[in-house]
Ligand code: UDP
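Only one chain is given next, in structure tokens, and it is the form predicted on its own.
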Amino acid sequence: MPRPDGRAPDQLRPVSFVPNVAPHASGSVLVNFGNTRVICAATIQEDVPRWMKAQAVPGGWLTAEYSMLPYSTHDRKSRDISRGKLDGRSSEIQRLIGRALRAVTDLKKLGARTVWVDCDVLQADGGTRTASITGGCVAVAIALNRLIGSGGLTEFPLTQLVAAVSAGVCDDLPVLDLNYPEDRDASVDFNVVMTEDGNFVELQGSGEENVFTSGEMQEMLRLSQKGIEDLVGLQREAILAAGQDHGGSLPDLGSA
């Protein structure tokens, strides 16, 4: 059975990055995975959390916040502040974003600073968490590139790029980068976070009232690895474009 948008099983949705969309952030990007659109902005503060000071932890910190704007879905989504607390899904996703980005950040090289990564979903069509991680990495790289350009850092704290993509089983077929109709109807749903050198940061997967075979899992991981290789190439292009716009360059991030 063909996919709803006619893509091949191993084909990403059209992916693009528009850098420097938030002028007051240290680094920002609008990331588009098909009709999923997320603004990712990194802000660098010259301070660290109180717990780091209390425990005399050296280096800096990186943390993330995630939210879906009320108009990002077909039915208006209430803001968390109107309920008086962050919903469980948003809390879980922003923790995932933070873990993924810290996995490729040398916090000691960052110095006594905090990098805040804000991911705001403008339009949701499946894969908002994976788009947030992929775009968040670009925003952080742009921000750190600028900090090096201003003399605030001498060494680039990112050790390599990190990206994420979804995979799943739809109509008994493993496919890459699920849009909303596929995500809704999938019998298996996976989110895969990987570094550019091919190592896993996190796997989130489950059968949706179903089970899956070892072979299906291996195929989803293969599809995800292929997709992330493509995403890393697009991330690098976006970071270079942002650097050229502001007189910077892309530091060596390891294997490319």
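Note that this is a predicted model, so its numbers are computed, not measured. Residue positions are given as counts along the sequence shown, with the first one as 1.
One more form of this protein should be noted, the form predicted in complex with the ligand, which is absent from this view; the next part is about it.
Peer 1: By the heavy atom within 4.5 Å rule, which residue out of 174, 126, 98, 157 makes contact with the ligand in the model of the complex?
Peer 2: Spelling it out, the residue with a heavy atom inside the cut-off is 126.
Peer 1: Can you tell me if residue 108 lies within 4.5 angstroms of the ligand in the model of the complex, counting non-hydrogen atoms only?
Peer 2: Heavy-atom contact with the ligand at 4.5 Å: absent for residue 108.
Peer 1: So, residue 71 and the ligand: in the model of the complex, are they within 4.5 Å at any heavy atom pair?
Peer 2: Judged by the heavy-atom cut-off of 4.5 Å, residue 71 is well away from the ligand in the model of the complex.
Peer 1: Quick check on residue 102: any heavy atom within 4.5 Å of the ligand in the model of the complex?
Peer 2: So residue 102 does not count as contacting the ligand.
Peer 1: Hey, in the model of the complex, is residue 120 touching the ligand, heavy atoms inside 4.5 Å?
Peer 2: Because no heavy atom of residue 120 falls inside 4.5 Å of the ligand in the model of the complex, the answer is no.
Peer 1: Report the stretch among 181-189, 157-165, 110-118, 137-145 that approaches the ligand in the model of the complex to within 4.5 Å, counting heavy atoms only.
Peer 2: The contacting stretch is 181-189.
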